[in-house]
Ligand SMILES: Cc1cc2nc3c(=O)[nH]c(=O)nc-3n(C[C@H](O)[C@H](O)[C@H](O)COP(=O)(O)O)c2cc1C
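Next up: just one chain, as structure tokens, the form predicted alone.
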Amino acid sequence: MKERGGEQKKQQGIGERFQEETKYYPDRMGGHFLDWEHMPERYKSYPNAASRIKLPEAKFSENADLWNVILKRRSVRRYAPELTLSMDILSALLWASQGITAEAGDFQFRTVPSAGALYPIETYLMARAVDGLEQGIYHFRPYAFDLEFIKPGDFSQSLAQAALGQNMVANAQVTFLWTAIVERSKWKYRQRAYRYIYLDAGHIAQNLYLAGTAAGLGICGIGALYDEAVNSLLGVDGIEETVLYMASAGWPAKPGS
């Protein structure tokens, strides 16, 4: 006997089961209604943050040609650790990856698409060498366009180890860390939401790649990581909010250095 969607299941792995069990079928689409009274909060804040740093207005290079940026985009894994990143450039990277571009009623739209405009992805930073920022972990608030300082210290080596020993993280000027608050998407899409949160993270990372390339930076997306080590560092539970992806960002090392 064959089951819908493929051959009879024979000890399928979790990946195959996930793919099969989150498929859409016309006769399975009904029976779910949006509970507007219990819609999850669209934004996260840390009321007890040590400080909040307002970001400068994002500025962009007028000489950056989109097609040339796409052509030049590469994953860069070697950085010049002695250099620092300016707040102006960091501001441009954050705006490009998660900035608000328009509003419609109570909803805000961003530089990247999101399933249902629900934006479940949260952005954190490990700032190692950013002018004007103390070393530590920061949380980005798109609607306020600021950073919440939530954990002081240089965690770049810890993050490198959490990234399966990829030492580029230890040398990057800043590392972006993306989590998902899963219920923001599950509220509407139920189990299908787990597909969408990864798509959303990919959209964000690509914008970071392009903005970083336009600014002369090197970017490298990192999917290989010890989830619970990063979740613990950020202080999230790994279930309601969990890390998905990270990216190192910094000034490329000179050839031969």
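Note that the structure is predicted; figures quoted are calculated from it, not measured. Start at 1 and count along the sequence shown; that's the residue number.
We do not show the form predicted in complex with this ligand, though everything after this point is about it.
Shown without its partner, this chain lists A193, I222, L208, L217 as candidates; in the predicted complex, only I222 has a non-hydrogen atom within 4.5 angstroms of this ligand. Contact check for Q161: every heavy atom lies farther than 4.5 Å from this ligand in the predicted complex.
Remark: M168 counts among the residues lining this ligand in the predicted complex, judged by a heavy atom distance of 4.5 Å or less. Using a 4.5 angstroms threshold between heavy atoms, R77 counts as touching this ligand in the predicted complex. Residue contact with this ligand in the predicted complex: K151 places no heavy atom within 4.5 Å of it.
Residues with any non-hydrogen atom within 4.5 angstroms of this ligand in the predicted complex fall in just one of 126-134, 111-119, 68-76, 141-149: 68-76.
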